[in-house]
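The chain below stands alone and is given in structure tokens; this is the form predicted alone.
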């Protein structure tokens, strides 16, 4: 690829040399010159010049030009408002026009103090108004969703929000209605704004027109602190800032890491923080008391009881890890149990295979791919929502996106992948060993020697790889499977919700649960130790790229953090573990990262390690996907294999946030097109699902699903078996709980 042609131009008397075609706003920034903007946002696609705040004077052109729509050309002479009286007058007039009907409610507006309109008015606008007539007023605020409020009086029609909806999220739910002075922002057909990424329009809005209902009137800019950390709710590890006031998290903002998240954030990561303050959060250890349920005990008594359970198990201990633990917490727990107590077995979360390190690349590489192949039956948005945005960007850039249920490539697709220099494989399925199988496929396609080709495995948990690596580094010891289980340790609410863990709990003599809430684990635990959230911890996570990222404590938790009490408990068994995350990381880094990484090196914008040489993954048995069972009755045209899935808006955090309940999965069953056609089922039909129990659900046809499969969200499929019978229902639609929808 040839180097771009450079051009020389002059801005406010400063000579600048940049590649030809560079936007004028960026060119001016290179020279240290600001061109003020409202509507311009490079992440939203080509500029539209809607707000006219960026007016500049270009030599040889009689009229002022919108600077954001111009690109650097050889010999251009540009004057901004700093040197051109004509441009300054145009910017002044633009702001005066914007403020004609804009309410002067800065003292009560949530955007006050961090508002671009407020800042630019002080720097470029008129000192006083000439308008003496009453300003136009509108109904306010309008709840366009339970999480977003719209104040149309403040809107300056920059169209950032509608462009995000149309060109980034591609949901088409936010639109501009009417024309001229009657133009206004609205949702399509006045339906609630339900997109997975709707909250991004709050940050994009340059005024206080779109605000968060959770943050509304909660704090002012001079009262808050912003803590740079990462989101711990999915394996992407989006970079965020947690806004705190008086020791409580008040909002979550995105923190642009262009290789990971591009500054976008899903609604789960943005709005789920109130789970910290749920009414059923456990604040003190609980011990089961016969015939009287649970009783609260002190932390000293809780550690005494934990020590007794560990000693009494005689090494017959199984630990179920959730994949939401920090690297340091998993390592410390592993040291306590594997070194201090000998033989031990663990149920580890699904982890990305280290063999994929040979095909490592930033997530941003997906957006520039020529062809993207998504393998697996799980929706990408449910496992790693930001990856879904990168895939959409690839499609907008002209790339082809192919979705396959299984890793079987036809000859034409295989040849195209072999010949492409920018191809991406993505595994989004539940089959065991998905990361290893993906690495083998990428190697067979010759991706090793192509820096532009990459492969990504989307695990089901936020830190599955980090937890697995830390657990392995804790001790050089073979795992043993104790029978019977003397003690089951359940770490995290996610592990407690796993049916396999519940089955182990039924076999175990005793159960110790580490959990935040009075949830599932409390029902069958003998001892409960309170847990903390990712927003309350210091430590590190490994995301799906293999990037080690820093987790910073945003607020002090109401209970001791896990590292602290694990350190105290380990001392009773002669195992030395530091209560400080930085020291634990330094210890395990010698084993896991070759001593090359330190806690301080994992900065606010973590780098991506270089690719490693390809090493074939260790062979492991892969359970074949069972075919659909034979039909027991002609009426039902055969049974379908039930595929349970965990939607993005599910789990203990979402369940405790009222504003997110409208995003939770509908009571529906997803069918392949062929299966729906055989049963004469159409989208939206009421259908009967029969297995161990009978449910009435709404049908949705998914053309990506392979025949013989029915997908139902876990919360609606709890009482169903492994296969189901689906038929049209003559009854009106009712939800899984039996209530009429």
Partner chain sequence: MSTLYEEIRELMAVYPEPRSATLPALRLAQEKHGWLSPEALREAAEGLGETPAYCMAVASFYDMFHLAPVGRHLVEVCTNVSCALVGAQQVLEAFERELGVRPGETTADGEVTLRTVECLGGCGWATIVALDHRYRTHVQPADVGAIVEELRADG
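For clarity, a rigid core is taken as the largest C-alpha set superposing within 1.5 Å between two forms. Positions refer to the first chain, counted from 1. This is a predicted model, so every value here is computed, not measured.
What comes next is about the form predicted in complex with its partner chain, which is not displayed.
Colleague: Okay, which stretch from 334-342, 529-537, 181-189, 71-79 lines its partner chain in the predicted complex, with non-hydrogen atoms inside 4.5 Å?
Modeller: It is the stretch 181-189.
Colleague: Can you pick out, from 121, 212, 173, 353, the residue that has a heavy atom within 4.5 Å of its partner chain in the predicted complex?
Modeller: Answer to the contact question: 173.
Colleague: Select from the listed residues 177, 130, 135, 507 the one whose heavy atoms reach within 4.5 Å of its partner chain in the predicted complex.
Modeller: Comparing distances to its partner chain in the predicted complex, the residue within 4.5 Å is 177.
Colleague: So, residue 166 and its partner chain: in the predicted complex, are they within 4.5 Å at any heavy atom pair?
Modeller: The answer is yes: residue 166 has a heavy atom within 4.5 Å of its partner chain.
Colleague: Can a Cα shift of no less than 2 Å be assigned to residue 33 between this form and the one not shown, given superposition on the rigid core?
Modeller: For residue 33, whose C-alpha is compared between this form and the one not shown after core superposition, the shift is less than 2 Å.
Colleague: After fitting the rigid core, is the C-alpha of residue 673 off by 2 Å or more between this form and the one not shown?
Modeller: Comparing forms between this form and the one not shown, the residue 673 CA shifts at least 2 Å.
Colleague: Is the shift of residue 50 between this form and the one not shown large enough to count as movement, that is, does its C-alpha move by 2 Å or more after the core is superposed?
Modeller: Result for residue 50: no, shift under 2 Å.
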